[in-house]
Structures are given as structure tokens and as C-alpha cells.
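Below you'll find only one chain, the form predicted alone, shown as C-alpha cells.
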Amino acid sequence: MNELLNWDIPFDRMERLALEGGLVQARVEQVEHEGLRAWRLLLTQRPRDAAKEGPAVQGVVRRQPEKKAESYLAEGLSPLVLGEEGLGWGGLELAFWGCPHREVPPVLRLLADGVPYPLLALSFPLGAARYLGLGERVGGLERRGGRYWNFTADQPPRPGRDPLYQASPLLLRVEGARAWGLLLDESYPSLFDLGYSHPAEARLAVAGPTLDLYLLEGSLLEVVAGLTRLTGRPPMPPLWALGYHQCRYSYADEASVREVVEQFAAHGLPLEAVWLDIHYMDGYKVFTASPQRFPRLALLAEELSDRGVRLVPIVDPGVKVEEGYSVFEEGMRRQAFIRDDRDELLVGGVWPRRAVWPDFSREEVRAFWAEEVEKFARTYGFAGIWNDMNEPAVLELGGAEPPDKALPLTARQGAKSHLEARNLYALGMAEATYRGLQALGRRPFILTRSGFPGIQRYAFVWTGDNESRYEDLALSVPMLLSLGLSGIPLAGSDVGGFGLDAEPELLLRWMWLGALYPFFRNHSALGTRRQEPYAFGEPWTTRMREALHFRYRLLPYLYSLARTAHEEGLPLLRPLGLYWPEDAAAWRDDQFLLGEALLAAPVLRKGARAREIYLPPGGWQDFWNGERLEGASLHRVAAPLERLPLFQRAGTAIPLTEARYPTRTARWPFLCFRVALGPKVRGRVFEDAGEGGDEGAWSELEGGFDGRRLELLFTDRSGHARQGVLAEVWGVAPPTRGQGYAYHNGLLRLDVQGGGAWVAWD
């Protein structure tokens, strides 16, 4: 793999492609899916590739567009002009190139099957635009000036490292209020060179015989939503998945797990799930439990479930080679494992030092794995599955650790080489795992380290083996924002850092930031200092409890945002530039929006007790004290240890509830809408059972404030009994008259459970 990643692709020695009657054939299609319209351009060199279907894009309707001369025309799309000089679309001019055999590494020559060009590429002027996306990357949001491979690698996020665990060949171009989306639906490794080799030019290359390109345009919001129409939107997660999770490598026996749960209860700390790393297994055999460490694992899971705590085990793809081990023997019977280029069983090592890997490119193997997942989760009562080491990572080949920790690219996966199939490995594993959990009759919950566009159809993502450093705390913000822009809305980073020793102040700051992550899990490595929220004693435990309680108060808003991701494809964490793309000051790596209502400015430096923030145009209100602040300006604000700076957008209403745990249902008996006044006020909340196939319903709070009168109406479609529904406004003078309100010391509460309330200031 390193042979390819270290290759200096010779763009200057490539051959310009003739797309009319040349060696490379071009096909243009109009694609539609649930109101989305986009262009597809497919370049092929072999007749059999003309019917190619990409792995990321699913469920679209393909149509042949009208053609006039060199122009392709379709309603709702900018014309696409395809000629000898390349492609023109939406103001972009793309040129196409081929890299001949003499210029490519031996592995590409070997696996290219005699095509004229083992590598296809395109280029276009960078112009003055911003470039975003490409998924999980170190550094900031902006991609201009970088060189990015899409090839899954067991490589933790460190400065200068690329690629990482995820492969996301999906680029966003933003210029003013317009945006363009370019999706390479290619599982072959791809490179995006955005001014690294030539400062004025973007160069995209695919190390394979086809180039399958989708083109979208609109506002940035429309393009992000449209890309998720193509690649899929996440299913609705179970409510408990949005609570707090505790993990360590490793809680190595039943006593350790019980101790953690007891400590959380003793300190009054919410806990949804405890995660089991590799030491719960019997000899590192997947789908087993150690009879010594976990002799009563099913009973433990049942006991904890009664207390509202779930167990989630790690399941790696490496299957131990051992006679009598049913998973290995059944996999051998079904010929389920990857083979080498001589068509012999490929044996290497991961945690089990002799292991084989399922070939998830084949439907029959995915079915086999789904059966094992269902049986395993049912036997032990597990609530979800954690897919790790699924790039796949390899720790031993031929008696030594391979320098790239990867399988040989010449290995065979069905009819494909590992070169073509590697990027899809985690996607196939997640699909199989999802099907296995779905058979249990509840909403599947899966966490994955690796993935490809479409992984969001099955799994949450986390950013892998970070470290307990402020640099990693800060790095998590643009990484998660970029994942969201790239179609993966449900993601998180290890709170507190996985490697190295956490310090209490760092952990506290990370707990507050983690309280806003879509996925909130504290995770630390073997041999490091313990970092559970009670580990440092007082006053730290009390402060961390406040962060956890805030997360649970915020659950109605987070759950509603998860529903929005399911319905509309929008991420939970959003860069400010998503709404203010023309405002250069809004493109920041150290602030973000949770939904469209709440702006967070986390504290990312040791010892800081204040920080500078930028508030975009419009009205804003300090979430904690109700102070109103002007937008389109910088502010210096206090940042005490007890909280992180939060600001609410004028005209929004955020649904909150009481900090009750464990979570049982997403039907909230008590709701409190935090209102930031504006000419129009709107907030909404989604409620359902929090589990299963319940369709649920949206309820809305709507109204307005004209400077003298505030009126709010609540439309409750939930169908369940309420203990109360309030609207809460901070930092206002006492009203002179009204209906259904109470006021005390700057806090106004309106009882809207009956349908509405109003107040006026004469």
C-alpha cells in the first residue's frame, strides 16, 4: 500500500484524453432521487465497465438527458458541455487525463487488466473558491493547498498524517453563496491534489480503470443535503446511543465492569453503556466470551440492563485460525475468507496471531457474518456492536508486522483485487453487522472506525486513536465538522483522549465539548491514567457531573437533530460557514453550530478562562445568562471551568428537559423551550419511543416578538401525557400584562401546555 501512497503521480507526463471516439468512452446521465437532480459522468476503458454501478450511490433513477451538439440538457440542472477539450459545467472547466503503463507503479500495471490507462485523472482551476469535505482529515476545515489520499489506513490522527481510517472521495467547492459537490464513486484509491503540486490547479486521480463522477450544485446546504440523497441518510438511532458511554482498553473482567457501574451510581453520574474491548474474548476469538474473565456475561448484561446500562462489545474482522472454533470452521466451509493472488487462504495476524479475514465484498459472506452477529448479540444480550480494526488492519504477515499494516493489494476478494475492494471493507462489514442486529427487532447501533461514503447508512463513526492533549481536543472540532459535511452526521472523538495521561482540567474541558458531540464516549488506552469522570475526585467530579447533566437536559434537541439528519441529511455539528458562506470570518475551526440554533465556542487551550469568539450576523444571546450580543463582530467572553461558552441564535427555541437517566423513552413528560427573542420564534421537537419502529411525530413552538408583545403557540402532536410544557426567556424586564406566565428576577416562564401563552410590555 505504501508503494502507492508514496507515489509522486506524474501529472505533467499524463496524456490528454480524447473523449469522442478515443480509447476512453464517456457516458453522461441525469440522476434523480427523491427530488434531487445531479449529473453523472462515467469514463470507461473496457466494455464490461459500461454498466458499472458505484458502491456509494444507491437507489437513484438514471435517465438519458437531451443532447444538442456538445451540450447535455436536463430540467433543473445547469447544462453540461462535453467536448474534445473536456467538460464544462456550472462555471467549472474540467480536463481529463490518463496515465499510461510506463508511468505507473508495478502493482497498478499488474492489476490494471491491460487497459490503456491504469490511472485516470481530471483537473480544473482552483479559482478563488474554498474547498471542504474529504471526510476525516487532520488540520482545519479548508483543503486548499493539501494532497489527500482516499485509501483506508490504520493510522491515528496526528499532524501531517494522511490518509486516516476513513476514505471519503467527496469534495465541496464554495464560492460566494454558490457551492458545487464532486463525488468520485470509486472504491479504487483516489488522490485529491488541491494546489499542492500546482498552486492554481486541482488534480483528482483514480488508481483504477474507471472514473465515476457525480456533480451537484446549489447552496452549500443544498449540496450537503443532496450528497446524502446520493449516498444515503442515517437510520434513526436508539435514544440511548445519544447518552453518555464509558470505555477503556480494557475493562478486562466482570468485576471491573461492575465496579465502573457502581462508581457511576455512587457519584450520581449518568451512564448509558459500558464498552468491552478485546479482553472479554476467549483467546481473541470473535463472537466468544472468556470463561475465566466473563464466566456469566449474559447474566451480567441482563443485570446491567435492568439498571439502564447496556454492554457494547468490540468485534474485529480478524477470525482466529483454530480447529474446533465454530466461526472459523463455518467460514472455511463457506469459503468466506480472503485469498491471496495464488488463490490460497491468506493467513496473517491481528490480535490472534494466526487470523483470516472475511471477504465482505460477497453477499454470501455478509449473510454469514450477519448470522454470527445475531446469534452473538442474542446469546449475551448485547445492545450494539463496535467494529474496530476494519480498514482492515494487519499486525502480522509472513512473521513480521507489515510497514503499512495492510493486506497485500494483490489479495483476492471474489472477482476483485484488494486494491479495488479495500476501501469498501468496513462498509460491507457494517452492512452485515446491521442486518444481524436488525434481526433482533430493535434499532441497530454500530460504531465503526473505518468507512466509505454510505457508511452512515449503518453506523456511527469515531475518529480513532487520539491522545490526551489540547491539540487533539482542538483537532476534534474540524474533524467532526468535516465528517458531517461529508455525509456522516453521527460521529464523535474519544473524550479525554485515548493515548497518554489525561489531566483533570483537560478532561473537564473535553467533557463539556463532548456533551455536544453527536456521539459522547470517554475512552482511554491500556496503561494510561484512569479518566472516568469520577477518577480525579472533587471538585472535578462535581464539575463533570454538570457537563453530563447538561447533555441529558439537551437530549430532546439532540434527538430532534438526529431525526433531521435522518430526514434531511444535515449534520448535527455544523460549521458557521454553512449558513454564512460569504462571511470570511465565519469560516473558523474553533467554533461550530449545534443544529442551527446553538453556537459553541469550546475552550481549547490549557489554563484559559476567557476566549475570543465571532458571532455571525444577526442577534445572539448568551445561553447561560441571557445577555444579548451583536452579530457580525468579535467578542471576548468569560470561559470558566464550570461551562463552555454557548450562544443562542435570535428567533430560535431549543427544547430541553430534566436531566433524568437512564433514558427509557424519547417521549418527554416535561419540556422547556429555551427562547431567544426575535421577530419570529420557532422551535420543534421530535418524539417517539426511542426504540423500535415507532414513526413518532414533530411538535412545534411558534410565535413572535414585536418589541412589545411576545406570543407563543405550542402544537403538540406527540399523543402522550405531559407533566408540563414551558417556554423560558432570560434577561427580560417584568411584563405588565399577559396570560399563562410567571416572572422572577429576569426569568420569564410561559406555560404553553394548553396551546399558548402571551405577555406584553406597555
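Just count from 1 along the sequence shown to find any residue number. None of the values given here were measured: they were computed from a predicted structure.
Below, we turn to the form predicted in complex with alpha-D-glucopyranose, even though it does not appear here.
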item	value
4.5 Å heavy atom contact, Tyr249 to alpha-D-glucopyranose in the model of the complex	yes
Phe673 within 4.5 Å of alpha-D-glucopyranose in the model of the complex, heavy atoms	no
Residue contact check: Met389 to alpha-D-glucopyranose in the model of the complex, 4.5 Å heavy atom	yes
Touches alpha-D-glucopyranose in the model of the complex: Glu372 (any heavy atom, 4.5 Å)	no
Interface segment, criterion being heavy atoms within 4.5 Å of alpha-D-glucopyranose in the model of the complex, picked from 409-417, 273-281, 534-542, 85-93	273-281
Partner-contacting position among His523, Arg509, Arg551, Arg366 - heavy atom within 4.5 Å of alpha-D-glucopyranose in the model of the complex	His523
Residue (of Phe124, Trp149, Trp351, Phe376) lying close to alpha-D-glucopyranose in the model of the complex, criterion heavy atoms within 4.5 Å	Trp351
Contact at Arg449, Trp462 and Phe498 by alpha-D-glucopyranose in the model of the complex, all three, heavy atom at most 4.5 Å	yes
Residues in 304-337 close to alpha-D-glucopyranose in the model of the complex, defined by a heavy atom within 4.5 Å, in order	Ile314
